[in-house]
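Given as structure tokens, the chain that follows is alone and in the form predicted on its own.
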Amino acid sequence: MSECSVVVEDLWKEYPGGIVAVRGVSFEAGRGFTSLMGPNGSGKTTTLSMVAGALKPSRGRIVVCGLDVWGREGVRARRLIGFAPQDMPFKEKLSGMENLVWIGMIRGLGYVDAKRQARRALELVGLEAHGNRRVVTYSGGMRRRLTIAACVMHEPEVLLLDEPGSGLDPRAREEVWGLIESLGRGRIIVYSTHISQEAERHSDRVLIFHSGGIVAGGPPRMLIERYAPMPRIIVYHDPGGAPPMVDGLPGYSRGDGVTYYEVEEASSALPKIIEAFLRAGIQVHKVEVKRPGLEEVYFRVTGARLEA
């Protein structure tokens, strides 16, 4: 595969009524894994759809391997992209193989070539034994595999994956990610996720989305060290009253019987915090020690919770 990158410059998407879904998004993604991390409604899916050539931007520029996706070279650029939306519109009464052949022919392949590529794609994603089953009988994990098969049929340089692990049980998510990592070698992978652990584990670079824009970006470990280097002790207790101060450390209360403390060393701070609550006469129900991660980074840079 030749050298390639995805370059997004000042991308906007505005809808009638003054609704702005994406505002001034710019980034560059090279080979490896780049995640767009944020809650639903933060602009991730809209951005991916515009990069894929499925949704026209209001303004901005998208260049894939030197070709403008929305310019005169758009057809050539789109051939370099495989796009896996969260809900692929498969024909439920057709088999997995028949769906892939249909998708291949829509993309301009003849029947013989479409069938050959479909068979190859089913083997790549481990569905060769299930290709003749109707899609309506597929599990969630199998449907996600079939979606990935559909987007790699034409051997693209770039894979765009919208929430690839969402809605799957832990085992199915592990299997799907094992597949994505094997298919992603040597390719550019840009995917969206609202799962912080997924972004932390499977990203070379994370772009944090909030309210339609990118508010921070970088390798996961660098983001954690910059924005959330210390562990937190979270105390669940009876509501009411100010949380006690411990060795000069103020407690940050959410106002619903949950208070957290940022500490340098959790093991030494934990007994002091419990003792302070007991002295204050506040009933403690549960205590958690939370190691720093991208969920905390998101809260630090946006002031909001990372939720589905």
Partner chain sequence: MPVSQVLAEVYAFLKSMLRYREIAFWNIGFPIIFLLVLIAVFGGEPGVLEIDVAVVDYDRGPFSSVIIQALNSTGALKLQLSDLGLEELRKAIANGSLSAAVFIGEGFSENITQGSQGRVLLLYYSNPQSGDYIASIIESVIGEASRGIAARIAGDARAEILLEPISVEGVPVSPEILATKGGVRTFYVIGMIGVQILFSGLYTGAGIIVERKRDGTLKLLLSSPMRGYTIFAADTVTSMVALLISATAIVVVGRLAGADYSLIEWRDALAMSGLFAVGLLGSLGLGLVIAPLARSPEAVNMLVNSIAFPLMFLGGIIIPAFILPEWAQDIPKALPLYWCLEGVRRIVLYNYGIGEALGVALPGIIASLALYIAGAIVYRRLLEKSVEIV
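Residue numbers count along the first chain shown, from 1. Since we're looking at a predicted model, the values are computed, not measured.
Just so it is clear, the following notes concern the form predicted in complex with the partner chain, a form of the same protein that is not shown.
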Residues Q197, R232 and Y252 are flagged as a possible site; in the predicted complex, is every one of them within 4.5 Å of the partner chain by some non-hydrogen atom?
no
Given that the partner chain is not shown alongside this chain, does E175 nevertheless sit within 4.5 Å of it in the predicted complex, heavy atom to heavy atom?
no
Would you classify P16 as touching the partner chain in the predicted complex, given a 4.5 Å non-hydrogen atom cut-off?
yes
The partner chain contact at G71 in the predicted complex, heavy atom, 4.5 Å
no
Does G108 reach the partner chain in the predicted complex, with heavy atoms at most 4.5 Å apart?
yes
Have a look at 80 to 88, 119 to 127, 185 to 193, 138 to 146 and name the one stretch with heavy atoms inside 4.5 Å of the partner chain in the predicted complex.
80 to 88
By the heavy atom within 4.5 Å rule, which residue out of I208, V101, V158, I180 makes contact with the partner chain in the predicted complex?
V101
Counting any non-hydrogen atom inside 4.5 Å, which residue from A280, M245, I274, A54 sits next to the partner chain in the predicted complex?
A54
